[in-house]
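The chain that follows stands alone, in the form predicted on its own, written as structure tokens.
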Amino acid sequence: MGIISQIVFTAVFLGAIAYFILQAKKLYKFIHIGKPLDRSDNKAQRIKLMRRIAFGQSKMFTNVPVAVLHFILYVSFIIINIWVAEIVIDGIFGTDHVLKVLGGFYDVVMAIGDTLAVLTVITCAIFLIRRNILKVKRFSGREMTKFPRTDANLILIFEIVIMLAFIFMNAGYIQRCESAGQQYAGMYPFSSLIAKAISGMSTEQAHIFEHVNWWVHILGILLFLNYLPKSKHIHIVLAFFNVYYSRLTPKGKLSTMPEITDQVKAMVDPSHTPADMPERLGVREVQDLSWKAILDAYTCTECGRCTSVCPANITGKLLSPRKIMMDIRDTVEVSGENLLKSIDYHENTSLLDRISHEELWACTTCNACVEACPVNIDHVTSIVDMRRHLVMERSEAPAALNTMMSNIENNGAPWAFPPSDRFAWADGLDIPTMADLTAQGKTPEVLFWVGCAGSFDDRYKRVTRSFAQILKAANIQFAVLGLEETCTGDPAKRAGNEFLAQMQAMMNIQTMNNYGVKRVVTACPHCFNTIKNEYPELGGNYEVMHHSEFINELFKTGKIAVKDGAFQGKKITFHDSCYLGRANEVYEAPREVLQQLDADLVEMKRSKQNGLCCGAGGAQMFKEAEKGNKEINIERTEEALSLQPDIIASACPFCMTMMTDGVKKKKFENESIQTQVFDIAELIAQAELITK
């Protein structure tokens, strides 16, 4: 390489690196437009998570063929740094394959690199075919406008050109050496085949061929490097950071707004003087988001895995979790420079000008999007934060949710039932209350948290009575709060009314703490999630179990058993509640309970962490669904009925309602359907219990 080439290369290389650094700094500033958020805890756990998900690509392997292809590109990206290091040294100092001094190691690395280059070309070609000819569904959507589609194709073409240039460069190098009677460094299983095709070239011709492809390769890499910050493919870099700074708390846990806690404490304790309320509650503009939420948006790969599993999107509704991330990123891109200049800048910063209310209210908060995302983006938090603004600042919740929240305020339940009826489910059962036992100087082993559905819903009262029957049969010393129980605040919190949610929580915590409650069991996953994950920040620290876990514990400790063959010959499929499964990773307990029935347990195609929502979560239970082509519960019911089960088992009052309604509708269409829906507690109570 001549001195002029060295000078030109050095200038181009340093200029490209300098420009990339400027773009990286701007990107860093854009991300930190968001509010502070401390994610410095549990470093060891974060590193482990990053190794498994970012380096190990573990979430990609839900689709093995695609994962293998993606892994090829991922490994190529890592190995290419060795090639680039050599090219940069050669380009600046005029050396020729300087790393050949590494001997045998160099041979191995170049052989691997040569092989990966060919595999990368093949992989990119397959991905182009998938996008443009096969038209894989998750690559489409109203948010996938011309630029996102062009961007994806452009990157794939970039990679093909870069890798072909690498192969041809090596082929030219081999031919140059062979025509000059020299031994070339490295091993090239595929480039050597190309070298044979150009074996007629002279040394000078081969050198020109090599040099041209050398420049195409390195300029392609430098161009690729500086295109990254403008492309979704910046996730190649940001994914490692985004996974490291993942939320480590259970997926079902929503943040507790400290500014609201301060105000609620002042209402509970007149001696407490609250700080001034912030300028804005919830999220309206991009600067209201946390920096991690903006990092999420920039890390989005636009792969569509989130949207492809979103129950709202699957059933034709407007919501697309991918679009939410793209809208956040686009808003920052449009207004970022001005936001950095002025803290008072608000033009084009409103997310609610891009994201419609219809999209936000369609979310069931099922966390399927979070589970599916290969880079651990947290879509649900951003959606709920925008709901908070709509509810607490604008009072723009759907009318049905306003009614639900009004009922909680006035009746302590999402429905307009009188609070005096809350304990009516226990008529004739001789169920002790905490007040009764405390008056007798007794302390129960466990508080049975009944929940609003278990107290007022006629269908779910049967589940409450069944579980109480099991507790009695196992001689468990338990009690309920009776008329002192009130809504946990879960539906209000998911609907965005953090103020009402915390009011409810603090009332319940005060009641339970006054009784010295230590252990809580409930049949409602929503109550379970709220008391277990969200009450501790407000002073409510208890051991909380779902009834499926508690019943399973009773079986394992021998306190109950069922007669062999109780449900022999019956086919049962279990529907995973989102707030029990994905939200809290309780998958095996309900299945182990059902195994006690000696039935034929069959799994739906979408089950456990990939289970499909029933459609009732995120306060959807209390409102009409947004417009779509199908109801979510019908989609789920059809999947269950495709197995022709005798019983659909559930472990959630909301799921019970949605699946029961779904089965009724399908029975109306097809009278031959005999499937019934039962809670696991009902099934155990129906079996012939054997107690000790």
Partner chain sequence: MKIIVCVSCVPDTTTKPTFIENNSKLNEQGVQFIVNPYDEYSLARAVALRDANPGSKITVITVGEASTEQNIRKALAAGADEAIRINAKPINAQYVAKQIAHVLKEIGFDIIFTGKESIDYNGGITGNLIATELDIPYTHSVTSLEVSGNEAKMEREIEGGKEVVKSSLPMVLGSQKGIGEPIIPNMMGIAKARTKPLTVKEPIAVEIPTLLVTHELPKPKGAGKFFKAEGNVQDAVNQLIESLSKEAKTI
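Being a predicted model, the structure only gives us computed values, none of them experimental. Residue numbers count along the first chain shown, from 1.
Heads up, the form predicted in complex with the partner chain isn't pictured, but that's what we're talking about next.
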| item | value |
| --- | --- |
| Residues 277, 402 and 409 all lining the partner chain in the predicted complex, heavy atom within 4.5 Å | yes |
| Residue 392, heavy atom within 4.5 angstroms of the partner chain in the predicted complex | yes |
| Distance check, residue 513 to the partner chain in the predicted complex, heavy atom within 4.5 Å | no |
| Contact label in the predicted complex: residue 421 to the partner chain, heavy atom within 4.5 Å | yes |
| Touches the partner chain in the predicted complex: residue 201 (any heavy atom, 4.5 Å) | no |
| Contact residue in the predicted complex, chosen from 75, 416, 136, 237 - any heavy atom within 4.5 Å of the partner chain | 416 |
| The partner chain: the contacting residue among 499, 190, 83, 245 in the predicted complex [heavy atom, 4.5 Å] | 499 |
| Candidate stretches 260-268, 439-447, 331-339, 122-130, one within 4.5 Å of the partner chain in the predicted complex by heavy atom | 260-268 |
